[in-house]
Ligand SMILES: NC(=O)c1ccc[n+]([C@@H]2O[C@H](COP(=O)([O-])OP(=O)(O)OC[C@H]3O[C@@H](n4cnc5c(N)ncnc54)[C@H](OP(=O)(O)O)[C@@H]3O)[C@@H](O)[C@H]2O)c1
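Shown next as structure tokens: one chain only, the form predicted alone.
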């Protein structure tokens, strides 16, 4: 059952970038939230015009309008821009408001210093939220059960929601699922290039790549209770073609390369956090 306040809750976004657009698209298309209940502000008008045309949401000229009007305020600016954008309006937040930060690298401690009043939540969606297949991490500090239920109902149509208990878990989810989407696209690019080099058209190569990744993911999703390793073993014959390729991947230490990529991304998140210490 949906939270009884969801239909009347006014939801505001400060910042109109790609993630704001993804969240608004998911919210509106799920029909859980009316466009008339969504308010958006942005430094420049271009993206606001596009959002209004596409989803009929309300646009605001100033961030202060969003804070004054809305019950839930989603901070969706770039992390490096958040302190400056909030400093002008920090005294406007109200204790009963739910304030949701999408800013990577700005932890709860820093948010509490920026925003003295309100129920604070960190949210990390990834771009597949656009199609309702997102992975969303939620970290709550001083939010009560009512706020938690409202936020879960607000975002559950966007994908699978995971509650995390600390900043380290939040960081791990961000790197593996949000940044991780980019890592998967990188691998898909290599896949497509190799197929195309064998004489297939770009369109055919792309489709073959997408369907391979999609098919493997769906197979894993539907194989309840079966480990991914076992699914791999089922398509691998001893001394066969797949086995030869896997042996090469292991000799080249693909796992090590991926782990280093995850750690590098995590280190960058920590660096952003240090840069934004208040």
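This structure is a prediction, so every number in the text was calculated from the model and none was measured. Numbering follows the first chain given and starts at 1.
The form predicted in complex with the named molecule is left out here; the points below concern that form.
Among residues of the shown chain, residue 77 is one whose heavy atoms approach the named molecule to within 4.5 Å in the predicted complex. In the predicted complex, at least one heavy atom of residue 85 sits within 4.5 Å of a heavy atom of the named molecule. Within 4.5 Å of any heavy atom of the named molecule in the predicted complex lies no heavy atom of residue 209. Residue contact check for residue 11: none of its heavy atoms lie within 4.5 Å of the named molecule in the predicted complex. Looking at 117-125, 154-162, 184-192, 91-99, the stretch with residues near the named molecule in the predicted complex, meaning non-hydrogen atoms within 4.5 angstroms, turns out to be 117-125. Looking at the named molecule in the predicted complex, residues 18, 81 and 103 each place a heavy atom within 4.5 Å of it.
Exactly one listed residue, out of 222, 31, 247, 44, brings a non-hydrogen atom to within 4.5 Å of the named molecule in the predicted complex: 44.
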